[in-house]
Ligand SMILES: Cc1cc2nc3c(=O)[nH]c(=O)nc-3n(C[C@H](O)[C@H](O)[C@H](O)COP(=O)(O)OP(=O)(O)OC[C@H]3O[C@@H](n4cnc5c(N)ncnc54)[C@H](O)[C@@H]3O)c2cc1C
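Take a look at this one chain, the form predicted on its own, written out in structure tokens.
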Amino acid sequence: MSAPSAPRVVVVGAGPAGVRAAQALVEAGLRPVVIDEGRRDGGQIYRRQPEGFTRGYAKLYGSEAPKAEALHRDFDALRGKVDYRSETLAWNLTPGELHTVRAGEPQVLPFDALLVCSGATDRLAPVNGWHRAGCYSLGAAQIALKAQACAIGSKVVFLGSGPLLYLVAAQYVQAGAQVAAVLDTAPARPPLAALAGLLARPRLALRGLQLIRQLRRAGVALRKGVRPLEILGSDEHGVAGVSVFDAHGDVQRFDCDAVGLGWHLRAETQLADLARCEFAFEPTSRQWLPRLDEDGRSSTPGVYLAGDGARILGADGAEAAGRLAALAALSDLGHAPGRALYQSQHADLRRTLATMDRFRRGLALAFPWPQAQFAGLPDQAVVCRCEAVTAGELRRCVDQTGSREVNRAKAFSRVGMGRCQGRYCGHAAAEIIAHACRLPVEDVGRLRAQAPVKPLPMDTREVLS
């Protein structure tokens, strides 16, 4: 009798969750396929600099340098033991099959277990004037620094809220860039419930305070409790400054030639949506997220979700979640070495993730998504930059066509139909529609994902038809 074949396990993503998932699978004796849209491993938070660049880890990653170096070193050790496919887009998912494309060449990968470690992207709130040249997401500002060794401007303002706002600003200061101001929409004093959550990880909370001190020592203007008014400039010449209401209600202007925007992160859930996973509204962060059990199992058999693509737990949480989901998959598949690892480690990993989740909730309360900001957004403000859909157009969809659900408003206005497919405008559009309808935001729903999850090259069409 022939020995049973090894289970086919595919990992999507080579960030913190994907690397630790692959590591657990290799330890159990498997050779998984690892699909990575990036050119090198590390994901967004630990994005590697290109070959030939010589900046040290401390300059590139700041306080996160030891973790970045450890993750890179561990994946380097795995490279000969996994089927690593970089610059490969996972663009569709059908039962038991992952559809990918690399350099215009499609491939269908059958799987027994799929671990989606898709990470997160910036969560953006539209500001009047944010469509002008010189406005970037915080993630784009990081990419410019890490992968291209340049700043997004000669004088930069960072506007938004959340730990990433301060981390990116500090990384810019560390790299020698001029940061004019960090403008935070969160209140200066977080609620007591937020403090209770933040104390779940006191060292990490202390690290955030250290970043703030670092920025102050560098002479960066720090303002909390602001309300964005406008990104100043012109369509011809781009950004010239940022104006906000400060915590006292006074208007302040900060001159700059570039702006980095971001309010926490939003989970990349498109593949989970295509897998027909169930979703639930998470009220603390005001996001729709896939339903998971404590080990990362989705509602779709054989599909496991880990990292920021499922819950925004940060890089440390993503590493623990990736390992736990991989071991849970092996246990479910009846893989004996994997089941043994799962039985010996799952309890500790679950406890780690529970701590991370308490901290996540504390962050969401301390740096809240500014839903009240959308009520005052002027009609001419662009919401969907891909399709140039304004706040006024969305409100007209509600008033004139009865669009009380976000996908109906999409059909009438084209919001979310552009290149980003709603990644950067979907949450804001839902908030604007909900306010116009006087409904809770969860009642207007979420934009549904469709394949391809990202645009494909035109020369892919012939081989896919």
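Rigid core here is just the name for the largest C-alpha set that superposes within 1.5 Å across the two forms. The numbering used is simple: start at 1 and walk along the sequence shown. In this text the structure is predicted, and so the values were computed from the model without any measurement.
Just so it is clear, the following notes concern the form predicted in complex with this ligand, a form of the same protein that is not shown.
For the residues L265, A205, V389, L289, the 4.5 Å heavy atom test against this ligand in the predicted bound form is passed only by L265. Proximity to this ligand in the predicted bound form, taken as a non-hydrogen atom within 4.5 angstroms, holds for one residue of L341, V244, L167, A381, which is L167. Across the options 190-198, 208-216, 352-360, 85-93, residues that bring heavy atoms within 4.5 Å of this ligand in the predicted bound form belong to 85-93. Taking the partner from elsewhere, A318 is found to have a heavy atom lying within 4.5 Å of this ligand in the predicted bound form. This ligand is not shown here, but in the predicted bound form it comes within 4.5 Å of a heavy atom of Q171. With a 4.5 Å cutoff on heavy atoms, D122 counts as touching this ligand in the predicted bound form. Contact check for A21: no non-hydrogen atom falls within 4.5 Å of this ligand in the predicted bound form. Remark: all three candidate residues (G13, I35 and G307) come within 4.5 Å of this ligand in the predicted bound form, counting heavy atoms only. Relative to the superposed core, G62 undergoes a C-alpha shift of no less than 2 Å between this form and the one not shown.
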